[in-house]
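Below sits a lone chain in structure tokens, taken as the form predicted on its own.
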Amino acid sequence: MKTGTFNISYLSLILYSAILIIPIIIFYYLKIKKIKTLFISIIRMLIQLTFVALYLEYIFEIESLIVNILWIFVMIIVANSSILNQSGLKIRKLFFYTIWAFLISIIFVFIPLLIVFDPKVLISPRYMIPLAGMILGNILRVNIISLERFYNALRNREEEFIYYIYLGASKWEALKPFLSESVGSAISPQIAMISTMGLVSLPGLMTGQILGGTSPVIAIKYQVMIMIAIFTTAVISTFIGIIFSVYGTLDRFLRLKKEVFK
């Protein structure tokens, strides 16, 4: 049997894209004002993926560790900005507080990968960049949910937080119930996804490898590894992200700074 990924023609891709008319009709019927946003997002996706494809073709050839790290750093910057924006927080106010959550979590997850890969393999752009991309891409939603729920709860129940302080609790003791609720809510879908993987869904990494001709057994090993990495990064980044953000959202009187919210 011939192996390898089947090439999709540009015409076929354009014709297949016509199915987007279905969600557009639904948006129009329900008066959901997202049609313009959808088109902008698709155009951005096309431009970004084209740029990435051209860039990856280049860095796959030079195999520079410094270039790999710089590219991952750019990915972290974009991810951090997107998460803050979608969470209803001002990027310029909190960017340098929350970015550390992603830098720390990526380092914590990548170092143990040396158990799995030879160092020369791990620093190869063909492994390093796709792995980092899958991890960061899968923790976006988790971090958006955790930050959004944490600050929504804190804004709506600020008196409860202050009451804990008046009772003698430290700042972090008073914040712990809000932190627990937000991280727990954000991580629950991740746990559900792990528990149904293979039965309800066939994950992207495994599917891609199988389509590329890799043995399903090898593909499963990679998928298990990446899911552990994604979940660990999600928990670390949501926990640290909220903690670091607090330094930029509470004043010295432990009151929320209104100017940090959009």
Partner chain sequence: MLNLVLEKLMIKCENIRIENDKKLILDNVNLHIKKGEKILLKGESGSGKTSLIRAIIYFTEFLGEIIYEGKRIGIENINKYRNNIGYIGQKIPNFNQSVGEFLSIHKDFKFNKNLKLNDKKKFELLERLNFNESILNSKFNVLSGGERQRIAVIGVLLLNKPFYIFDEITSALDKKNINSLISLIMEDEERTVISVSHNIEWEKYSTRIIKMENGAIIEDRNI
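Just so it is clear, the structure is predicted and the values come from calculations on it, not from any experiment. Residue numbers count along the first chain shown, from 1.
Same protein, other form: the form predicted in complex with the partner chain, not shown, and the subject of what follows.
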{"query": "Interface residue in the model of the complex among 191, 169, 114, 74, criterion: non-hydrogen atom within 4.5 angstroms of the partner chain", "finding": "169"}
{"query": "Selected contact from 157, 126, 92, 120, since only one has a non-hydrogen atom within 4.5 angstroms of the partner chain in the model of the complex", "finding": "157"}
{"query": "Proximity of residue 100 to the partner chain in the model of the complex, heavy atoms at 4.5 Å", "finding": "no"}
{"query": "Contact flag, residue 108 vs the partner chain in the model of the complex, heavy atom cut 4.5 Å", "finding": "no"}
{"query": "Residue contact check: residue 96 to the partner chain in the model of the complex, 4.5 Å heavy atom", "finding": "no"}
{"query": "Residue 161, heavy atom within 4.5 angstroms of the partner chain in the model of the complex", "finding": "yes"}
{"query": "Interface stretch in the model of the complex with the partner chain - options 83-91, 149-157, 182-190, 126-134, non-hydrogen atom within 4.5 Å", "finding": "149-157"}
{"query": "Those residues of 102-126 which, in the model of the complex, come within 4.5 Å of the partner chain by heavy atom", "finding": "none"}
